[in-house]
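We begin with a single chain expressed as structure tokens, specifically the form predicted alone.
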């Protein structure tokens, strides 16, 4: 028995080592591509490209799911030539990742005004016909993508948007130049380096121990409720941002909180969603909704939330014309927070 355990432990250690080695090799390869323009251009020769048009990814429908097609450099060059564009436009592409076999992945937007080509942006209908797909707004398509593709396309859109919005130096006013990977932009006149940034956002599921608080904004789809969320202010800690947002939006005071997880969110301009659970002070649960921030907020029981999680068709309209409340889809970190609370609603382990 002890011999068997020893072999099993060694096997486990071996596979853990292999997994770590693959990750380290992949991470360092991506670092090399970001820092070395020649290496990145070489990677484009055997890499794969995801196409966008005005920040909308090219997608093809497969049953109930969207799939983003990949294109080789040769296919992309032929496509550009067919539409009267030169291969120089590929300079606008950005590195978004790579496979474990070190096939580099890039994203290129064919609809945004090109900074490296004198040609105008390509027309969407003609491109869709040629590519046998549709350029679909990412916000609408996100929840019909698998987790890997959703993450990859979110990264791509965020990078493409950032480069489109940061083509000039904020100090000199001169045009900036991106490196081949798109991991930074440099002002040639003063050598200032600009890196893509994310805005930190706290998203908090508030509980009184037996109920959770959910809210909605007027921009939400009808009937959808979610956790409270807001941007962190300059100078705030994570804890201070959670406390302030809960006080501002629903007039409650946080007693304890616990970090859960984080998620990149590409809307509206690339945010880092920092998810937390919070318990409010006992006996102080009366909601005072800030109508400048929210349309509505309410306490929901464990059974009500479980029922909402089970609904297959969120837009369920009742006889009186109102909608049954429903929750963000599975890919959203708010869904993860809510599901965690359902599984352990009292959150007894929250630190003081």
Ligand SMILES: NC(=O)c1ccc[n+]([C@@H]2O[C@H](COP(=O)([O-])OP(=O)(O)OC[C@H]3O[C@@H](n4cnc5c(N)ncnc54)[C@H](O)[C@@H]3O)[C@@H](O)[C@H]2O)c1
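Residue numbers count along the first chain shown, from 1. Remember, predicted model here, so these are calculated numbers, not experimental data.
Same protein, other form: the form predicted together with this ligand, not shown, and the subject of what follows.
**Q** Given that this ligand is left out here, which of 226, 155, 176, 85 has a heavy atom within 4.5 Å of it in the predicted complex?
**A** Exactly one residue meets the criterion: 226.
**Q** Of these, 183, 260, 151, 263, which has a heavy atom no more than 4.5 Å from this ligand in the predicted complex?
**A** None of the other options qualify; the answer is 263.
**Q** State yes or no: in the predicted complex, is some non-hydrogen atom of residue 268 no more than 4.5 angstroms from a non-hydrogen atom of this ligand?
**A** Residue-level check for residue 268: yes, a contact with this ligand.
**Q** Does the 4.5 Å heavy atom contact test between residue 195 and this ligand in the predicted complex come out positive?
**A** Result no; residue 195 lies far from this ligand in the predicted complex.
**Q** May I ask you to state whether residue 76 is within 4.5 Å of this ligand in the predicted complex, using heavy atom distances?
**A** Residue-level check for residue 76: no, no contact with this ligand.
**Q** Although this ligand is absent from this view, report whether residue 332 comes within 4.5 Å of it in the predicted complex, heavy atoms only.
**A** Yes.
**Q** Quick one: find which of 168 to 176, 251 to 259, 229 to 237, 101 to 109 has residues within 4.5 Å of this ligand in the predicted complex by heavy atom distance.
**A** Stretch with heavy atoms near the partner: 229 to 237.
**Q** Do heavy atoms from each of 201, 217 and 245 fall within 4.5 Å of this ligand in the predicted complex?
**A** Yes.
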